[in-house]
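Okay, so here's just one chain, in structure tokens, the form predicted on its own.
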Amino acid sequence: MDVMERIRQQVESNPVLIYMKGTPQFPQCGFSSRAAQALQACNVDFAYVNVLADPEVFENLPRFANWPTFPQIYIDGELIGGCDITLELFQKGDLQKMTEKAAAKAGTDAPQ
């Protein structure tokens, strides 16, 4: 499968998705760490892709949505942005609403 098609499928099949350096449990950069923490604080399941473990995604994701940096957060199939935008949305209470709406639409619950 073409890498761009694989990225598209990941984005479309996960209500909340973060492309990050490392994992939420072991982030490999501060920006990825802060963005993942904001998503975790929303108490909604989210998927992640460790771009350091997938060189094809690391190389091609910036072209997918014309966003040059990591992390990249997608909610309900749309690019929300990177760390700064995610933290701003979280501080305003909007990230929680967005993730809850996407999870409800997809029929997923908060993590146990």
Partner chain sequence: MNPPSRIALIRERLSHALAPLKLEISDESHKHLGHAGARGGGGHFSVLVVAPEFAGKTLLERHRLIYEALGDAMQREIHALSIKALTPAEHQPEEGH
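From a predicted model like this one, the values you see are computed outputs, not experimental measurements. Numbering follows the first chain given and starts at 1.
Below: the form predicted in complex with its partner chain, not depicted.
Legend entry - Contact flag, Gln28 vs its partner chain in the predicted complex, heavy atom cut 4.5 Å: It does: once its partner chain is placed as it appears in the predicted complex, Gln28 has a heavy atom within 4.5 Å of it.
Legend entry - Gln37, heavy atom within 4.5 angstroms of its partner chain in the predicted complex: Output for Gln37 is no: heavy atoms all beyond 4.5 Å of its partner chain.
Inset, instruction - Mark Asn43 yes when one of its heavy atoms lies within 4.5 Å of a heavy atom of its partner chain in the predicted complex, and no otherwise. - result: Residue-level check for Asn43: no, no contact with its partner chain.
Inset, instruction - With heavy atoms only and a cut-off of 4.5 Å, decide whether Trp67 touches its partner chain in the predicted complex. - result: Because a heavy atom of Trp67 falls inside 4.5 Å of its partner chain in the predicted complex, the answer is yes.
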